[in-house]
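For reference, the chain that follows is the form predicted on its own, supplied as structure tokens.
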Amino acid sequence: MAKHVVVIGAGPAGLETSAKLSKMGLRVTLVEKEETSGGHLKNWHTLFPGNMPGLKALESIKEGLDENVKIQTNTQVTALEAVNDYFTVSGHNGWQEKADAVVLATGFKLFDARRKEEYGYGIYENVITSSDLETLLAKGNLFSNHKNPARIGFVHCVGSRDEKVNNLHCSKLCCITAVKQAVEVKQLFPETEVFCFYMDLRMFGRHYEELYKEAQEKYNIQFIRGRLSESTEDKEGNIIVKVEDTLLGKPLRIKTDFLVLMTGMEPAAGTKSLTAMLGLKDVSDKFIRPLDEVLQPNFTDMPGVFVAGTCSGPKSVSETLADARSAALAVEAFLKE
């Protein structure tokens, strides 16, 4: 009988890893705690570059699944144990499987913006997160109660690179997401003033710098360097932001109709419990530590346990898919040995 692999987490990484393992002739059980697969991608409007709809990308990934992949949804893994030359994986609902190898693809969670009370999320109606904005864009009812918003602000690095919330890491994608979303808003509301408040911009990817330049030159989006210190609400429901422009060396007070908080990535809630079950190490940012981040990024300290996607650190969707394919190859090589 073909070797059996349990993949934990049915976001893009788990789906792609499962599809590739299946093509290699392995049996796969894909375990997902939620009712449906897809992770954050199923709620994302468009992806940069190319503006591919998130659901279209997800459908394409799922096309790789076949009869060798069994998807077990609504199952939270509560036990994971190495027994001789195999693993037992158990769920909260009595589900249990034996596996020859296990892939952790538990993904990430978005920083809870309510932890930054000074920004007003959960307090003021017109303070939303980047994830909220993607949902509104996907539904096509963006700012339905404001036909012509005068000003919209985007705040970078909410929950990233912030000692006060114990997150020193950069989430990599917040900057480009802010620029992408700012352009989308400007396309919908050409007369609206759009501001991006940032510490420093990290346009690391291909085409990222070009979009940043286009945002300034074509759409007149204003980038203000300086961390937001406070936001308050006036009696009309407008959000008043206080920020120091560190390039001009002066404080600013700007009234906006909406404030969008660019929330960063943190390890998913289930990642910590799974690593504790297996005795795996993490790094200072609490993501799973691979055996070697350069040479063996998909291996862990425990033979037979692998990582794929953002459970080992922030990645774009394209990077996640590439990492998932790499993980599948690592599993195949291990099982052949």
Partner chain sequence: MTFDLFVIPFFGGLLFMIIVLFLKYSRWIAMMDASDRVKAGMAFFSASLPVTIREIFWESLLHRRMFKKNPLLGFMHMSFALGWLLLILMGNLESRIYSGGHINPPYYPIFLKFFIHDKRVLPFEIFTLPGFFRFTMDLLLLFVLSGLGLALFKRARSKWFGLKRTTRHNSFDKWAIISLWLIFPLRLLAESFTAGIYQGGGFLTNSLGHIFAAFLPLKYLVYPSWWAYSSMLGIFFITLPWSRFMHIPTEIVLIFLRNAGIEQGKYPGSFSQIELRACPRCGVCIDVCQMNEAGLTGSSAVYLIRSLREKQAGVFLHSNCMMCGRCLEACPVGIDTLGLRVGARGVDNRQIEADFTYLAKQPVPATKADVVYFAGCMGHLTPGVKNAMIKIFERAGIDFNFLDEDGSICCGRPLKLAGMQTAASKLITENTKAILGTKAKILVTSCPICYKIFNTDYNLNGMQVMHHSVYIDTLVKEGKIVLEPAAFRAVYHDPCELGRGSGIYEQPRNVLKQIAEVADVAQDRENSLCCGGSIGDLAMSAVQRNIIRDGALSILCESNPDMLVTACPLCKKTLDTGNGLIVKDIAEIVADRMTVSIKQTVSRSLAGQMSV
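All of these numbers come straight from a predicted model, not from anything done at the bench. Numbering follows the first chain given and starts at 1.
The next section is about a form of this same protein that is not shown, the form predicted in complex with its partner chain.
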With its partner chain left out of view, which of Thr135, Ser90, Thr73, Ser229 would have a heavy atom within 4.5 Å of it in the model of the complex? Ser229
Answer option from Tyr124, Phe195, Phe143, Tyr198, heavy atom within 4.5 Å of its partner chain in the model of the complex: Tyr124
Just to confirm, Gln96 within 4.5 Å of its partner chain in the model of the complex by heavy atoms? no
Would His207 count as touching its partner chain in the model of the complex under a 4.5 Å heavy atom rule? no
Find out whether any non-hydrogen atom of Asn166 is located within 4.5 angstroms of its partner chain in the model of the complex, and reply yes or no. yes
Taking its partner chain as it sits in the model of the complex, is Lys235 near enough to touch it, meaning that at least one heavy atom pair lies within 4.5 angstroms? yes
Establish, in the model of the complex, whether Lys23, Glu332 and Lys336 all lie within 4.5 Å of its partner chain, using non-hydrogen atoms for the distance. no
In the model of the complex, which of the stretches 74 to 82, 177 to 185, 97 to 105, 158 to 166 has residues with heavy atoms within 4.5 Å of its partner chain? 158 to 166
Relative to its partner chain in the model of the complex, which residues of 250 to 284 have a heavy atom no more than 4.5 Å away? Arg253, Lys272
